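Shown here is one chain on its own, the form predicted alone, set out as structure tokens.
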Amino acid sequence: MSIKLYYFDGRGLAEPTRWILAYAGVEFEDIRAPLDLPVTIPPEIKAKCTWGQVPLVELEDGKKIAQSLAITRYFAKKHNLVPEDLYEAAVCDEYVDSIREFMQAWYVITHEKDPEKKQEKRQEVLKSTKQRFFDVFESIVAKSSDGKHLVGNSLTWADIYLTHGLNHVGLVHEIDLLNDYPALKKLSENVLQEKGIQAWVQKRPLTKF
């Protein structure tokens, strides 16, 4: 039995897990429910879900893990993307939580129908997230030991999560977020050049979200 990852037909909360599995060269079944409005989970998938929601992963032995961060962290630990040092591992968690807050800040724009209001909100969110998140992450990477990672001097799941967040928001809102942030741009380019991740991004289904 192969790993089965259940989610909607989009990147969203399951994409960091997909990137980590691709990075590790792990084959998995990418099972996608239609992302139609109103958003519903097909009964045959929902029946498997502990909390009635996706993402959900079924492991090779049939065991299940729900909740997106629990799933992503599990595979990050399994594939040596979480530092052994407890403090560094906690810092990775801190950064991932902050990246999720950054992504949530952009979510408010998604369903705005009025073009003028949407552009106005986009500029507001861009300004606030640059000050709160981009400037901080840029400084963290620039001051790191090798200038290419958030924590330590090797790839962690925090680097992958940050790159996914920037990539996802950039695609959804059709905006280049890294023009003024050379350290973040370098980190993102390095992650996207990882062989498995690069192959996944090139072949993944094209979706809006």
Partner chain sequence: MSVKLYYFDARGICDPIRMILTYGGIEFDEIRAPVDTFPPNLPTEIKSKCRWGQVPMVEFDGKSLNQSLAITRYFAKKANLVPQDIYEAALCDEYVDAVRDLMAPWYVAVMENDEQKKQEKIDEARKATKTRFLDVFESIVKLNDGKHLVGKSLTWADIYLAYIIQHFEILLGVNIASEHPTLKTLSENVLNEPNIKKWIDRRPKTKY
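Note that this is a predicted model, so its numbers are computed, not measured. Numbering follows the first chain given and starts at 1.
Beyond the structure shown, there is the form predicted together with the partner chain, which is absent from this document and is the topic of what follows.
Position in contact with the partner chain when the complex is considered in the predicted complex, options 171, 178, 26, 69, heavy atoms within 4.5 Å: Contact with the partner chain in the predicted complex is made by 69 alone.
The partner chain contact at residue 80 in the predicted complex, heavy atom, 4.5 Å: So residue 80 does not count as contacting the partner chain.
Proximity of residue 183 to the partner chain in the predicted complex, heavy atoms at 4.5 Å: Output for residue 183 is no: heavy atoms all beyond 4.5 Å of the partner chain.
is_contact(residue 40, the partner chain) in the predicted complex, heavy atom dist at most 4.5 Å: No, residue 40 is distant from the partner.
Contact flag, residue 35 vs the partner chain in the predicted complex, heavy atom cut 4.5 Å: Output for residue 35 is no: heavy atoms all beyond 4.5 Å of the partner chain.
Non-hydrogen atom within 4.5 angstroms of the partner chain in the predicted complex for each of 1, 9 and 30: No: no residue has a heavy atom within 4.5 Å of the partner.
Heavy atom within 4.5 Å of the partner chain in the predicted complex - qualifying residues of 72-100: Counting only heavy atoms within 4.5 Å of the partner chain in the predicted complex, the contacting residues of 72-100 are 73, 74, 77, 78, 86, 87, 89, 90, 91, 93, 94, 95, 97, 98.
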